[in-house]
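The chain below stands alone and is given in structure tokens; this is the form predicted on its own.
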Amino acid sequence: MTDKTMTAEDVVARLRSGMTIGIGGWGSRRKPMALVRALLRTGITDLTVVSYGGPDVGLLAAAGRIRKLVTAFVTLDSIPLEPHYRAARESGAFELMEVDEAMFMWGLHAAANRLPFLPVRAGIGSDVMRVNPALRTVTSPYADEASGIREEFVAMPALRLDAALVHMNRADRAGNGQYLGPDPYFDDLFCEAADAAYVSCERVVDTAELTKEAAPQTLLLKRSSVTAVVEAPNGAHFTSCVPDHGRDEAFQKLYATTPYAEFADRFLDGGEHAYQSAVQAWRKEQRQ
């Protein structure tokens, strides 16, 4: 099988300004933060970002890299509203397509199946249609047997991605990816909806190890839908990646309460090793 391992720098070198980038995870959980940090070290901008948003969106928004955001929410979980996202939205920094969580999921399903849209009940009767005037509805060609009524649905457009960035607990060199936590967070759909999918992981292991100590259903990503694999220990920090590590709540609070320029100057100006070292130095300061 092909060895698909790369560095984070190799991955972001394949990305371009103006792309539509899907970012896996959920809120402040199992986000591919090492890849996001690598992206921030480039000059790439004018992005359409598709994400169940967390600090990935907050960092890219604060850095001025987003032209349009497609999301159902942007949260740090224990901090309900991502502060850098909020500031960017209040200043009108980018276009927003905000949809229901189920609509978002069906948009990924449509893209994964190379369909232009999928019908979904979510959104009917809500303000989703008002705030997204480009959305359309579709009437079922089949009448209900009892009532004879043809139901109306939202026609959720496919969320087709140029590239997807996701983070797994484990992966092999061929691109098979495994999650060991409680939730897949739709990372498989992000990969299948994308022209290229880049997977960071806590540890690259031999293929046989993927099922040695975990159930086969934890094998979330198939190598056929993965372009490259990046070994990035602690690469989801400061978001959670259980059981490898929980969310770093103290550091997340620091992130949420520090002006972006100050945070970036201390933690983001170097490479990933510099970031992890700066985090360790900050922790040491807190113990003194």
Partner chain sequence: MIACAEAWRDNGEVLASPMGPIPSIGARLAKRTFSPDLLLTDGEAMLVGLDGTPEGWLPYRQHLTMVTGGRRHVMMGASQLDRFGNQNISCIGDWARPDRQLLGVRGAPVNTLNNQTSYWVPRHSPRVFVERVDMVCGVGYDRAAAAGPSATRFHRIPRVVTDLAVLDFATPDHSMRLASLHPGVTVDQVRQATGFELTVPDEVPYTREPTDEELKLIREVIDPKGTRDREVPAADAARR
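As the structure is a computational prediction, the values presented were derived from the model and not from experiment. Residue numbers count along the first chain shown, from 1.
The same protein also has a form predicted together with the partner chain, omitted here; what follows describes it.
Shown without its partner, this chain lists G148, P116, P80, P216 as candidates; in the predicted bound form, only P80 has a non-hydrogen atom within 4.5 angstroms of the partner chain. The listed set C201, A193, M156, V74 contains one residue whose heavy atoms approach the partner chain in the predicted bound form to within 4.5 Å, identified as V74. Though the partner is left out of this view, I124 does reach within 4.5 Å of the partner chain in the predicted bound form, counting heavy atoms only. Although the partner is absent here, L135 lies well away from the partner chain in the predicted bound form, with no heavy atom inside 4.5 Å. P141 falls outside the set of residues with a heavy atom inside 4.5 Å of the partner chain in the predicted bound form. Not displayed here, the partner chain is kept clear of A174 by more than 4.5 Å at the level of heavy atoms in the predicted bound form. With respect to the partner chain in the predicted bound form, the three residues L40, H167 and P233 uniformly fall beyond 4.5 angstroms at the level of their nearest heavy atom. Between 125 to 133, 193 to 201, 207 to 215, 158 to 166, the stretch whose residues reach within 4.5 angstroms of the partner chain in the predicted bound form through a non-hydrogen atom is 125 to 133. Taking a 4.5 Å heavy atom cutoff to the partner chain in the predicted bound form, the contacting residues in 173 to 209 are Y179, P182, D183, P184, Y185, F186, D187, D188, L189.
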